[in-house]
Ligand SMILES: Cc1ncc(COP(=O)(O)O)c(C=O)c1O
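Okay, so here's just one chain, in structure tokens, the form predicted on its own.
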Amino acid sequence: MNTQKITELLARENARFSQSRPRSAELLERATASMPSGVPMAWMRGLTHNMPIYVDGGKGAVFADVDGNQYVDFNQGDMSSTTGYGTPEVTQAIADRMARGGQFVLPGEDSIWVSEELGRRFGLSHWQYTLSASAANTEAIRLARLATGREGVLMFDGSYHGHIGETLVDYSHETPQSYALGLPRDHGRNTKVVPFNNLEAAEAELAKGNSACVMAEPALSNVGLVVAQDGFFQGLREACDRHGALLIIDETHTHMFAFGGLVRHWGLKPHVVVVGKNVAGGVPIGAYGFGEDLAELMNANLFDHAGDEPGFASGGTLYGSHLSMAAARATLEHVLTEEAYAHIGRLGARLGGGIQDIIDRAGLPWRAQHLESRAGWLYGTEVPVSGVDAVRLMNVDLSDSRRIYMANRGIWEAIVTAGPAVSFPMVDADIDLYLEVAEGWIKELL
């Protein structure tokens, strides 16, 4: 691929992007006086290499910016809004709940319904709730430490489990390093990282007897897509049982791929499963599920504000709110249905197959990625089996050129570390448009 051509396309498309969004530029300039980088959360500026746009609103699979530009959204807020924008059943449930009060620090009946439904989908009987999957992962790790009396966390290269101390570890060094600034120098002292799909390395680390848990995604999804090899998770669960550690499967991204997540789809057997993102249709939520034994442990170590003995460190004032539960119930009941998952699975196959057809017609030595409703681009023929592989195979300039080219033509593409995903309200015409614009991008490069 001609690097000069990529550079020229990037420069041209970035200029077009900025010139077509004067209102966003105006708001960004104003915002810098009250927010670092002009955004309320730093990722809104850091995840892309172009000017951030200010959004006006969305409906279904489409959103519009304040300049009136519309986009079919293949990123969906990093997959937090795959249920779509303005879903009638969810918005009505939210409005009804808020009219009667959204939070009491007391339970409501919706929480029972949601827990029973998640139990049916994931095969784990008991559930607790937070405001994000990151917070749910934090509590899941604490539960594993309570259950095992150990402190260690074992995770895999290329995985992402939220911006929490135990998992923000740079896996490119032999000794874990800080993955981000603002963390203690020794924040990774209890965390070990081994290559994804390397069962022998995981077994060797577990055999040391220091690990409370293994944190794992069913498929790496924050470095493109890296799929687990046959037998990997079965062997991992067996190794955890042999060495007294809990297997925590983080389905934050991957539960969007199949009904009941890849845990159900692939028949995985975790001790704990974590979900979040779109479970409440855009209302902040995180959840973690586990079996009867861990529920009894939590019951026996209940945090009592008036007690003398310390209890299990869980909870937050807004966790498990009536608003979150009402939104989750409406989302699970009306949006995240088995039929809907079959629909996005079919569209995802069309998307992945269409990308491969474009690559083949262009004669490029690339490959398409595909896993249920998610697709992607590999700029080579090698299939990554670990996080290190996936990072090595990335091409940021190519991905940036694709994103900005497509944004200028009505497609909002994924961030550089992800790939296009199908949302539940999408239809065949949305896939057709993506493939049409993507083919135009390839032709420009060639």
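Residue positions are given as counts along the sequence shown, with the first one as 1. Keep in mind that this is a model prediction, so the values were computed, not measured.
Keep in mind the form predicted in complex with the ligand is missing from the figure; the text below concerns it.
A heavy atom within 4.5 Å of the ligand in the predicted complex is found for exactly one of S115, S314, T87, S132: S132. Scanning S373, T83, N137, S321 against the ligand in the predicted complex with a 4.5 Å heavy atom cut-off leaves one residue, N137. For Q128, no non-hydrogen atom is located within 4.5 Å of the ligand in the predicted complex, even though that partner is not displayed.
Within this chain, E217 lines the site of the ligand in the predicted complex, having a heavy atom no more than 4.5 Å away. With a 4.5 Å cutoff on heavy atoms, D78 counts as touching the ligand in the predicted complex.
Looking at G152, you'd find every heavy atom of it more than 4.5 angstroms from the ligand in the predicted complex.
Stretch-level contact check against the ligand in the predicted complex with heavy atoms at 4.5 Å: of 99 to 107, 193 to 201, 233 to 241, 252 to 260, the positive one is 252 to 260. Looking at 266 to 283, the one residue that comes within 4.5 Å of the ligand in the predicted complex, counting any heavy atom, is K277.
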